[in-house]
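Presented as structure tokens, the chain that follows is alone, the form predicted alone.
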């Protein structure tokens, strides 16, 4: 029997609310350092913190992603701990949430300018092993980027634990996308018809502008603290000394959009990925992963939990019976997603203080015309585990297929 979960608003007439998407973040200081569409809105997180948090509360985000929760919390004077499985996002999140000394930033700016002024362009420098890389960058542009990268390594070393030098690598990550043929004008990315040939002076000036903007926003001090920790959200430790007052997070949606796909160019250029197999292996570990081997592994996957909500089994059966060669695989994909989410919710409950407030930003999905109502399945999973006061708030209409919405599942422990 399916549990009835109350809705606070009808689905009809819900607006798109662009201010509740990643686009709202692009001009907001540290939040806009890189264009990453999986990021959710700074404004939304700000509103949730203002509503649910009181002075001294410790905030958890078990799906850190681009560290939006941690950075907003720090800006508002709160402490937070963020969990993430992707090493690049851990690296980026900790750089974004670090407090920097202004004098050291000024010295870094001078060192950076000298570095760029001494770049020698050559065609024999290392380039990342990205498949069909000429689709991303014009050959001449690629040569210049590789030459700049080589000089950065000579002066600043490869990306590492030095937060100041890592600011240079964040700027370089932004540079490679700004000079590429990729477009971030929707929920994922697409490629422009032709690559653009940039000259060295153009790229040099663009890089200086990007870095100057990063330095400018890095000078603004954060009032709180945030740390991103490498953790699989399905296996969060119960031995932690931290117990959380508030959870604010947005897990990947079950929509077959691979976040690793968008992150690949950054991860290759800063050497967090070596090959496509590594990308697929990482996606398989993540909830909702779909890249490469992650899809192949579904054939042999078996569930961990056997008491999931009935409506999940119903929709998986409908998807599996569709006349498509991938229908059975997609059915398993949906099943695995919610099996993983259930394991995560179960583990997380041991880290929460009594009456801890929970906010899960999620979106529903559609497979072969069958809607997977993520918000209802997760809410029912929460109820089975023991979460209380569950309510589903509709946030916005997404810029994708008709009927796809975004929700905040609010509950308490």
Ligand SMILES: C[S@@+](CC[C@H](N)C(=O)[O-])C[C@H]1O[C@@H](n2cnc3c(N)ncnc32)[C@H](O)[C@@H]1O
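Residue numbers count along the first chain shown, from 1. All values reported here derive from a predicted model rather than from experimental measurement.
Beyond what is shown, the protein has a form predicted together with the ligand; the following relates to that form.
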Legend entry - Contact stretch among 47-55, 368-376, 61-69, 349-357 - heavy atom within 4.5 Å of the ligand in the predicted complex: 61-69
Legend entry - Proximity of residue 40 to the ligand in the predicted complex, heavy atoms at 4.5 Å: yes
Inset, instruction - Answer for residue 295 alone: is it within 4.5 Å of the ligand in the predicted complex, judged on heavy atom distances? - result: no
Inset, instruction - Answer yes if any heavy atom of residue 281 is within 4.5 Å of a heavy atom of the ligand in the predicted complex; otherwise answer no. - result: no
Legend entry - Close approach of residue 140 to the ligand in the predicted complex, 4.5 Å, heavy atom: no
Legend entry - Listed residue (179, 173, 74, 250) with a non-hydrogen atom within 4.5 angstroms of the ligand in the predicted complex: 250
Inset, instruction - Report the residue, out of 94, 86, 331, 290, that has at least one non-hydrogen atom within 4.5 angstroms of the ligand in the predicted complex. - result: 86
